[in-house]
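We begin with a single chain expressed as structure tokens, specifically the form predicted on its own.
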Amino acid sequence: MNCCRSALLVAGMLAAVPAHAQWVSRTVDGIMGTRIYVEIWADDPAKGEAAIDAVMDEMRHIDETMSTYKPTSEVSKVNALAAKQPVPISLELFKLLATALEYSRITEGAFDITYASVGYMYNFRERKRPTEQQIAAALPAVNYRHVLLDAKTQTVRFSQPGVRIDLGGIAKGYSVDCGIEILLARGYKHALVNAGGDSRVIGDRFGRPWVVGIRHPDHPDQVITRIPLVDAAFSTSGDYERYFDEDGVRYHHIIDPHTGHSASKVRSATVIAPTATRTDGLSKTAFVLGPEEAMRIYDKLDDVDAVLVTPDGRILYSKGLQPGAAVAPDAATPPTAIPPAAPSTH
């Protein structure tokens, strides 16, 4: 090959690579009571920033629609009225409620958005919890079957007084999926969207996987295992996220819908699946059912894997994960870790 032809070939190769392509990222605190992180590989950084703007706007929209902390949200309106009458709701909320009820059936009632009928009485920031008498009085309202959807009228109603719903156990995962769909629609092929303990990745990092580091329940700076991911979602739930300790008992935000108390049969649960809505909806199951029963459910689902940390410190893997493979790459080439979850401000 002559010199001129070589120069033309090199120039053509260089022209094929965008001159300003780079990783663009942003962190925003306070949406849905947590930290949102987006990272994308952008040929045009300005367009990348605009894409991240769109993701953050979508996150804010979901927060405004579904937060129980906002009295003007759709969910707050449902909680105020649905025990008295059918409440017309948006198609988006209707579909997410239907999805939530489906996960209640899959998890045999371990996931239940009506936990809020008791859960609203907990305030972890102020270290407040309901009395046993208050729990006993409110517990009959906790049952996902009390939530009645009518597809013809696109309404929801509650079958009895005292029922409240809270989508905090699935809305963040849903918002991550919405963010990913925005990026896919704009042509991005390598990206991460993270909302607290819920994340989803598109593609890899150019030949290397994204890596999930699962933290030690008692030591935030220690990672107990790492799992490489490509085109997948994961959610980690732990009893260390929103909690307070009192007289040797930990009270945390994952409420057992059968008892009204904090569920404590595992310390943390990480679920991996194609979508973050799915991983978010399934990650609390082990806290309520215990590791063996939860693994029975996870292993029945072909697209789901899980890592559980038990109260006695054991690390359990679903059948699709081999512990030997769930390690970081060679220390000489450290992995690109997905940012750890931020504690909720709610």
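Since this is a predicted model, take the numbers as computed values, not measurements. Heads up: residue numbers just count along the shown sequence, starting at 1.
Keep in mind that the form predicted in complex with ligand ADP is not shown, yet the notes after this line are about it.
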- Hey, in the predicted complex, is residue 214 touching ligand ADP, heavy atoms inside 4.5 Å? no
- Query: Counting only non-hydrogen atoms and a 4.5 angstroms cut-off, does residue 260 reach ligand ADP in the predicted complex?
  - Reply: no
- Heavy atom of residue 175 within 4.5 Å of ligand ADP in the predicted complex: no
- Message: Quick check on residue 186: any heavy atom within 4.5 Å of ligand ADP in the predicted complex?
- Response: no
- Note on the structure: Partner-free chain; cross-checking ligand ADP in the predicted complex, the single residue of 89, 254, 192, 232 with a heavy atom within 4.5 Å is 254
- Which of 158, 111, 122, 210 has a heavy atom within 4.5 Å of ligand ADP in the predicted complex? 111
- Message: Heavy atoms within 4.5 Å of ligand ADP in the predicted complex: which stretch in 234 to 242, 177 to 185, 131 to 139, 75 to 83 meets that?
- Response: 234 to 242
- Message: Just to make sure I understand: among 264 to 284, which residues lie within 4.5 Å of ligand ADP in the predicted complex, judging by heavy atoms?
- Response: 280, 283, 284
